[in-house]
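Single chain ahead, by itself, as structure tokens, in the form predicted alone.
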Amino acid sequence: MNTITLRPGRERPVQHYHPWIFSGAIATVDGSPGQGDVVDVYATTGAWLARGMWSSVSQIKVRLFTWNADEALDVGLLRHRLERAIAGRARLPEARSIAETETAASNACRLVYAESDSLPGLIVDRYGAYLVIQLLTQGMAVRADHIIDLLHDLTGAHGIYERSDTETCEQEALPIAEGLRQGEIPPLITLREPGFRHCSTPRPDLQFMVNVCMGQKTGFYLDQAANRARVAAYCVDRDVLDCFCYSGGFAVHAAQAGARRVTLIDSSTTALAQAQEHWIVNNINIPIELVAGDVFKLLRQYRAEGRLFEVIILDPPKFAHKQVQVERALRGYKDINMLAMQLLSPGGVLATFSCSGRVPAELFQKVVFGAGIDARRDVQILERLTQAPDHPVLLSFPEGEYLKGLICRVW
């Protein structure tokens, strides 16, 4: 058995069930652990602490899986953790049954959320009858075949597609891996989200066409599902600007809620074409303006033109992938929020988000506060938002809470 011994005083995070051990916390390594090998962790005193999987190159040398010395880190443990994660999603209030047809889904959700489901390095999203997986650590990558077989057995998925294409793979010295792993290649899937409910006559479910082989992340931003509905409630009879709109999730919800007009901005013409398709699929008949370009430059242009909006949605991509990028990211968040505040009519609503895990919620709020000072606007927080319930946050792993949002009124 490969073992590591921690430096004096470094055992506390492990004792508090944090799943990461960094290289600087390790005093000695006994044995020759290879990629993804099981290692036991000991304190300086010789006391056994936990068991996990080794990474040969990452600064996070061990991802911990169990704090029970009698629990083997084997296929049986993986199966139990997967069963628990899947059962937990089925019990969520918004859980709905999977459609019987292969191309239509009445449900899409994150089935497995890595460390937060005690399965470090594994992401599994379900789109109807299909699964999209990300194997983001050496430990999960070397167990890929077992994991895929377990997922098929537990879900009966028609197809399992891999999208291991994030920066984490680079940090783990893993090659980018994309392609079909089992079953059928997922077709273009119709994802459904509940329609607008804050009215006397609830609206029909909204439809979004998702290509899990090509889209952002695993095909769609499932983490924003609940937030799209919350923001839509503020868009009734309002002129709305949706920045970094991707395929129009926020904009379509806003339009169905009764927005007077919606302007969508994204750097990708492909994403804007998808947004326009969603406009048609959902029978939206209010005016739409699709603008391709750099959001920062366009907001400055709108400010120079004296253009105003009543609701602005900021849902940018991750600005900070590494710690060294945080300061630059904070400047970007401050700049874009200041510009948005300057483009809001008095009493307008700003829905602003950050998906940078290295920018905690408290710091993000300070950045928005600074933007309000620079914009010379009074800003009130109406709601605080986070990721959808199918992206749970393990209390011993606060790093799992990456998405934070504020709905603000700007005077």
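Start at 1 and count along the sequence shown; that's the residue number. Model, not experiment: these values are computed from the prediction.
FYI, the form predicted in complex with a small molecule isn't displayed, but the following is about it.
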| query | finding |
| --- | --- |
| One residue of 221, 302, 196, 309 in contact with the small molecule, assessed in the model of the complex (non-hydrogen atom, 4.5 angstroms) | 221 |
| Position in contact with the small molecule when the complex is considered in the model of the complex, options 113, 127, 246, 234, heavy atoms within 4.5 Å | 246 |
| Interface stretch in the model of the complex with the small molecule - options 130 to 138, 181 to 189, 287 to 295, 324 to 332, non-hydrogen atom within 4.5 Å | 287 to 295 |
| Any non-hydrogen atom of residue 268 within 4.5 angstroms of the small molecule in the model of the complex | yes |
| Partner contact for residue 211 in the model of the complex: the small molecule, 4.5 angstroms, heavy atom | no |
| Residue 317, heavy atom within 4.5 angstroms of the small molecule in the model of the complex | yes |
| The small molecule contact in the model of the complex: residue 276, any heavy atom under 4.5 Å | no |
